[in-house]
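Okay, so here's just one chain, in structure tokens, the form predicted on its own.
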Amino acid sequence: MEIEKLKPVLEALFSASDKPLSVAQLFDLFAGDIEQPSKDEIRKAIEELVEKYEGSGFQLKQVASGFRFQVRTDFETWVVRLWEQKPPRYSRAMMETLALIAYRQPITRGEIEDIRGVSVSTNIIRTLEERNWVKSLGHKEVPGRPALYGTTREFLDYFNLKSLNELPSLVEIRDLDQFTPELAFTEDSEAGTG
């Protein structure tokens, strides 16, 4: 399939999908077609679509799980007005816990508590797991065999990252409030639900 015919098909797929699509997933969607594009042709079409939407109100963005259409962050101020519901609010304790898991993974709950100096509420870990931002990667080979936690692809996708290498360096982060300005912090207790 020639690139010019492929691009509108990809646009339709990205628009209809509720999750990012990888090149391999897109390739599989064309399985059995007479004009099945190669993975290289799909990549080339994606590159051209990325260029096409440069400077527009939305973009074709690559995240950990693949590519997706999304509104540019420059327009967040206006787009959030479309929804009456307020964005979720996360406690400082939850965000500190998430940051420790992201930067120090794999890490146990006890290690998080040692660093933070306070106990970590079960609700915080449960909420992070329910959002599919963290998961148990196994167990540490010490007495009690505590769970080792790490981040997921959903975490990377939510925070617009392709890999953990794109996290800002710890030197760049002076205050957790600056980690991601889109998140509002509450002074809630360790419960961590918002």
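These numbers come from a predicted model, not from an experiment. Residue positions are given as counts along the sequence shown, with the first one as 1. Between two forms, the rigid core is defined as the largest C-alpha subset superposing within 1.5 Å.
The same protein has a further form, the form predicted in complex with another copy of the chain, not shown here; the description that follows concerns it.
Asker: Give a yes or no for Arg126: in the model of the complex, does one of its heavy atoms lie within 4.5 Å of a heavy atom belonging to another copy of the chain?
Answerer: No, no contact at 4.5 Å.
Asker: Residue-level question: is Val50 within 4.5 Å of another copy of the chain in the model of the complex, judged on heavy atoms?
Answerer: Contact check for Val50: no, nothing within 4.5 Å of another copy of the chain in the model of the complex.
Asker: Give a yes/no on whether Ser38 approaches another copy of the chain to within 4.5 Å in the model of the complex, heavy atoms considered.
Answerer: No, Ser38 stays farther than 4.5 Å from another copy of the chain in the model of the complex.
Asker: Ala12: heavy atom within 4.5 Å of another copy of the chain in the model of the complex?
Answerer: Contact with another copy of the chain, yes.
Asker: If we check another copy of the chain in the model of the complex, which of the residues in 56-74 reach within 4.5 angstroms of it by a non-hydrogen atom?
Answerer: The stretch 56-74, when checked against another copy of the chain in the model of the complex, contributes Ser56, Gly57, Phe58, Phe69, Val71 at the 4.5 Å heavy-atom cut-off.
Asker: If I superpose the two forms on their rigid core, does the C-alpha of Tyr103 end up displaced by 2 Å or more between the shown form and the other one?
Answerer: No; that C-alpha moves by less than 2 Å between the shown form and the other one.
Asker: Is Glu76 one of the residues whose Cα moves 2 Å or more between the shown form and the other one, with the core superposed?
Answerer: It does, since the Glu76 C-alpha is displaced 2 Å or more between the shown form and the other one after the core fit.
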